[in-house]
Every structure is written in structure tokens, then in C-alpha cells.
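Only one chain is given next, in C-alpha cells, and it is the form predicted on its own.
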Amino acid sequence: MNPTITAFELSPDRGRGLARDMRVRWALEEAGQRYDVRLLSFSAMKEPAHRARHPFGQIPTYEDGDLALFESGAIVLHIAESHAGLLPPDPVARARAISWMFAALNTVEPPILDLQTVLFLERDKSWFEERRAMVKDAIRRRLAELSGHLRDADWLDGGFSAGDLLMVSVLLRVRAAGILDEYPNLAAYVARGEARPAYQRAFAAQLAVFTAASGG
């Protein structure tokens, strides 16, 4: 049987590949693993049946036999550890790749998520402009540090790994704000990730769900 993941029935990102099930889809495609998708409405995500899989009532989840996982980073790590191609075989290189997975989610993504909160939930506050500027500065500091590490390399540490998969996924979330373009090597890095055939298949699958659900 194929593993089953959960995804939005009608994604708030309009199928642009920003929802977190995209990270899991991409990892499965890189691994050459077929998978099934259970689509959920926002109300179904809060029902007991789904909370049994994800205590916080979010997506994605991953089920494979007796194993049930939540959190996109944990799911991608499990896929990477279970299939060849997403983590190096050398133990030292493997540990570094896993460090980059954590860096993407714990160091680079938080200020990017702060910006989304500011833009969508705090626009009517008197301190909106000041807060937005502060958050953008925090993002720029992280991106400058990441850009300095990457330099002219194709990937973060040797060949493509799950660390790159998560980092590209995170950086895609800030592209609409125009900040990514300030760092040409990072913009090119993201483009390389998007050009991977596995990414293209995952993106097409997520977009097809939104298109069908919206009648587009």
C-alpha cells in the first residue's frame, strides 16, 4: 500500500506550492515513492478523527501502515531516511544535511512567517509600518547570512539533499515580498530547486487539486 498524506481541499495559497503538504509531496517525488492524498476541508481538520493524527488540527500528516506522523519537517526527514537520494550515505555529510533541514525550519522560516502574520493580521494596527520594517530587516539578516554561505555553489552542502528541499520551500514563501531578488544567488538557488523534475511533478499535483476544487 502507498503512504497517505493529507492536504487542503481548497488551499489558501491558491495552489502556488506554498502549503506545507508541498514539501512532503516533493520529498516523495524525489524518492520515487507513490502516495495517496486525503483532502480535508478546514472544518474537517478540526474534527477528532484528524486531531488523532495531528494534535494541532493542521496539515500535512503522513500515514504508512502503523506509522502516523505530523509536522512537515519530521515527515520529510522520515522519507529521506527511508529512501535513497535525499540524504548523503556518508555519516558526516548526512548529519550536516540534517542540520540544514533544522536551519531551514528553525532559523530561516520564523521571520518569514512573522512577515505573513504582519501583512495578513496586523495591517490595521497603528504600528503596522514600523513592525513590517523590523520584520523585513530580520529576514534580510538571515538571507544575507545564507547568501554568504551559499556563494556560487549549487546547493548548501555538496549535492542536493533534504536540507535544500526544505530551504527552497521556505524561501519560496518570501519571494512575493520581493526580498529574495535582493540576493541573486539565493534567487538562482530557488530556481534550481523549482527546475527539478520531482518539484515540477509535486507542484502540478498540488495545483491540480486547487484547480479542480475551485472549478478553474
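The structure presented is a predicted model; accordingly, all values stated were derived computationally and were not measured. Throughout, we count residues from 1 along the sequence that is shown.
There is also a form predicted in complex with another copy of the chain; it is not shown, and the following applies to it.
- Here the marked residues 6, 30 and 50 all miss another copy of the chain in the model of the complex; none has a heavy atom within 4.5 angstroms.
- When another copy of the chain is considered in the model of the complex, only one residue from 37, 68, 187, 179 comes within 4.5 Å through any heavy atom, namely 68.
- Using a 4.5 Å cutoff between non-hydrogen atoms, residue 82 does not count as a contact of another copy of the chain in the model of the complex.
- Under a 4.5 angstroms non-hydrogen atom cutoff, another copy of the chain in the model of the complex has residue 107 among its neighbouring residues.
- Shown alone here, residue 116 lies farther than 4.5 Å from another copy of the chain in the model of the complex, counting heavy atoms only.
- Not displayed here, another copy of the chain is kept clear of residue 86 by more than 4.5 Å at the level of heavy atoms in the model of the complex.
- Shown without its partner, the chain has 114, 121, 122, 125, 127, 130, 131, 134, 142 in segment 114-144 as residues with a non-hydrogen atom within 4.5 angstroms of another copy of the chain in the model of the complex.
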